[in-house]
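This document starts with one chain, in the form predicted alone, laid out as structure tokens.
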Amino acid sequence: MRLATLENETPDGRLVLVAPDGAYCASAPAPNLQAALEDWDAFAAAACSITTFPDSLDLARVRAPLPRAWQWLDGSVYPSHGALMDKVLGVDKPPVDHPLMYQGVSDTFYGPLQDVPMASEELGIDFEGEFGIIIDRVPMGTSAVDATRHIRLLVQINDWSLRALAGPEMKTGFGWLQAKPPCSMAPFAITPDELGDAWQDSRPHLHLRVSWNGKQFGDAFGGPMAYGFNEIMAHAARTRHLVAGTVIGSGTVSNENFRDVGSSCIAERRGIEIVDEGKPRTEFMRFGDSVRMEARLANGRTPFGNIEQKVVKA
């Protein structure tokens, strides 16, 4: 099942089911995605009975699948990225045996084609390609084994970052605020079965191709997560219930051979340059720059559609 949200001048948009070819859609048996997640079993049963898609899908009207959420929790579970960033930033974290996570802004998720306003070029504007999940209600104390059944949808995310603010905020020991503006989502939220064998151990086994101003920047593989999404979810639920509609991210997709496959964010490329050459050469984004992200299966199919956005001055 593939779902999309269309603009209808309400905060949560109008939910539609998307045809396999991505060109047509049908009205969904719920007004919006949040309502569907709060009664998922009934929604899914009704949605599965819809087999015709009478309406053309206008991508210009497509918003983020979940334009606003009760909660956005982002992880950092690709070891190659975390180790490099800690080295470059001079952050000395003690070793831990659980996923690293923070809670970010959730009241806005930008749509896949929406211009993204930023306050200043001097803040180090960066994109971050990730994968994510959207869940139904998860009771406090849910185990990783039981958490798997609460993963309802998979999404593709651009987690925007302001790097000039990220390092100083991290070093306070109190977490990010200004360094993390709202994220963006690709147009389609999909049920895990849409990935077939590319969804294994609660991990997405597909490539995330990132292009900056029309030039390919990275093509990292999503599989080598140190923790699966079920484990990330169980960690988050240790001391709280997770409400239906919580969005959880993987953190920047990264591989050990990042010098060969490229990176999913500019900070990682700059980190490589610092390690190899002593200083960074790659600049951060400027107003008017564009970024494109598309997750690809082995057959070339893009199950989430594409994020293609331009940075503009607020």
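Counting begins at 1, following the sequence as shown. This structure is a prediction, so every number in the text was calculated from the model and none was measured.
The discussion below concerns the form predicted together with a further copy of the same chain, not included here.
Undergrad: Is W70 close to a further copy of the same chain in the model of the complex, meaning a heavy atom pair under 4.5 Å apart or at it?
TA: Yes - in the model of the complex, heavy atoms of W70 and a further copy of the same chain come within 4.5 Å of each other.
Undergrad: Taking any heavy atom pair closer than or equal to 4.5 Å as contact, tell me whether P117 reaches a further copy of the same chain in the model of the complex.
TA: Yes.
Undergrad: Does W212 reach a further copy of the same chain in the model of the complex if we count a contact as any heavy atom within 4.5 Å?
TA: Answer no; every heavy atom of W212 is more than 4.5 Å from a further copy of the same chain in the model of the complex.
Undergrad: Evaluate A198 for contact with a further copy of the same chain in the model of the complex, applying a 4.5 angstroms cut-off between non-hydrogen atoms, and reply yes or no.
TA: Because no heavy atom of A198 falls inside 4.5 Å of a further copy of the same chain in the model of the complex, the answer is no.
Undergrad: Name the stretch: of 190-198, 149-157, 126-134, 228-236, exactly one has residues whose heavy atoms fall within 4.5 Å of a further copy of the same chain in the model of the complex.
TA: Going through the listed ranges, the match is 228-236.
Undergrad: Quick check: do L59, H207 and S250 each get a heavy atom within 4.5 Å of a further copy of the same chain in the model of the complex?
TA: No, the candidate spot makes no contact with a further copy of the same chain.
Undergrad: Counting any non-hydrogen atom inside 4.5 Å, which residue from L113, L84, L162, A144 sits next to a further copy of the same chain in the model of the complex?
TA: Selected option: L162.
Undergrad: Let me know which residues along 164-178 have a heavy atom within 4.5 Å of a further copy of the same chain in the model of the complex, or say none if there are none.
TA: The stretch touches the partner through L165, M170, K171, T172, G173, F174, G175, W176, L177, Q178.
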